[in-house]
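Single chain ahead, by itself, as structure tokens, in the form predicted alone.
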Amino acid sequence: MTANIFIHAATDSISDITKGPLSGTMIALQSNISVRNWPTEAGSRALEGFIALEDATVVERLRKAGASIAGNLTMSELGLGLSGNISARAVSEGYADATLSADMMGEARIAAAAHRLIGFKPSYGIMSRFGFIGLIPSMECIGIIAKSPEVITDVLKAATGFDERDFSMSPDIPSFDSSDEIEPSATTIGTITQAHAFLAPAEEEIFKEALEALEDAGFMLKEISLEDFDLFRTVHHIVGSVEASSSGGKYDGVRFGHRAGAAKNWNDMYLKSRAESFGTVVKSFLFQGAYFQFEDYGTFEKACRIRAKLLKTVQTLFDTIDFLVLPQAVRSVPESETTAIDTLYDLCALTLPANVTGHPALCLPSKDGLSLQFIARHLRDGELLSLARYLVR
């Protein structure tokens, strides 16, 4: 293995680790998931020097199940985009069996696809975000990256469950103990016509071959036209930026993080600290959100109404299908700290729908240059993982 990749590596002794179903499982975390007494800067100067005061709920639960927390990793600023994200590399190079990684635009799934791993975004509301430093509260989840669906299932069993400290949690938590096996002849998988437009000709040919392979395995395929598909991007951009602008307000340099010097007064200190704390990508996203929040609130309200319509549309699709399948092209990520927001949205165009609607989604490696992204009904995470186990066996 190469040089150690952790920002902070665990120093727990074996005697400190609880015995349980995850005994022997090594899990790495992005640095926006709190571990008591660990640096938790979430890739941002706005949290410079911040040390977590307590464990995140998921960390508590994983440790209780016997998992070893290997350390925390570098990441994109506040989880937005993929610049500096090494969560998939930690698994592919053997530093961890799984990593927990922010997924607010599809980052965990895209990172996994680039390393031919499995990336999973759970149903919104089943994994507590208490102790998780995010940016888009209604769309972000803690994603999981691993080499097998079995490891993801074991992590979910341990980490999910109601948490009264997270007010966004669903009262219904799915079971992952189902022994139901996937029966291809009784399983319908929907494909969205408009998704093909996001692929290069060679990628589209690979996707068609993957669909044919599903048919050859006995699955029933159904082509679906979703004329409003482009609106997932628009809704995520407007609603997400407004939520980010609001979330960013707590980074003022008073109690933690970077504080600007030579300020004339408190207000000047707030403004200078925020100006110096955020990188270009996050700053431009916050500016866009502030515009919709304070100058064009009607557009934000309209985006919220469209989001509700899109959610209803997707829920209706599942009246006639069991899963959706979307392609996820594996391309080099031309992203840096100065990447334009539009470029970032281009990269995440096919992963955004699951974040907008809150449905569980999973990326499986297919042929070189493409992964397959499967989406299931809300709270049907167990069925989605059963499908993954069937397809990778």
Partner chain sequence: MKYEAVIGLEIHVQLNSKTKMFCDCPNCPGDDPNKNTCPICLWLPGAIPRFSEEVLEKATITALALNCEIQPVNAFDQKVYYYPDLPKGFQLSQFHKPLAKNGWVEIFDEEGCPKKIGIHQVHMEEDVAKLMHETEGRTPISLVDFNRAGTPLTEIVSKPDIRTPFEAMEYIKALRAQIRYAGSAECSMEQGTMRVDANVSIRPEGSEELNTKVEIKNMNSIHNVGDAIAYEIERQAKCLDTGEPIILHTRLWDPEKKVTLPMRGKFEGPCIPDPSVPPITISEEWLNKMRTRLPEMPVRKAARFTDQYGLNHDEASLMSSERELSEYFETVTKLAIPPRTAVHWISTQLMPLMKDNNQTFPNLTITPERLASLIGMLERDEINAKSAREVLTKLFSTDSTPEAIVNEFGFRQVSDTDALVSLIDSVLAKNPQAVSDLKAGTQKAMGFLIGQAMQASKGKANPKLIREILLKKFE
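Positions refer to the first chain, counted from 1. Remember, it's a predicted structure, so these values are computed and weren't measured experimentally.
Just so it is clear, the following notes concern the form predicted together with the partner chain, a form of the same protein that is not shown.
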When the contact criterion is heavy atoms within 4.5 Å, does P137 count as touching the partner chain in the predicted complex? yes
F318 near the partner chain in the predicted complex, any heavy atom under 4.5 Å? no
Contact flag, G249 vs the partner chain in the predicted complex, heavy atom cut 4.5 Å: yes
Exercise: Y345 in contact with the partner chain in the predicted complex, heavy atom 4.5 Å: no
Answer with one of L326, L62, L47, A70: the residue that has a non-hydrogen atom within 4.5 Å of the partner chain in the predicted complex. L47
Can you pick out, from F232, F132, F219, F207, the residue that has a heavy atom within 4.5 Å of the partner chain in the predicted complex? F132
With the partner chain left out here, work out from 221-229, 188-196, 149-157, 240-248 which stretch has heavy atoms within 4.5 Å of it in the predicted complex. 240-248
Triple contact flag E164, S168 and Q293 to the partner chain in the predicted complex, non-hydrogen atom at 4.5 angstroms: yes
Which of the residues spanning 285-311 lie within 4.5 Å of the partner chain in the predicted complex, based on heavy atoms? Q293, F294, Y297, F300, E301
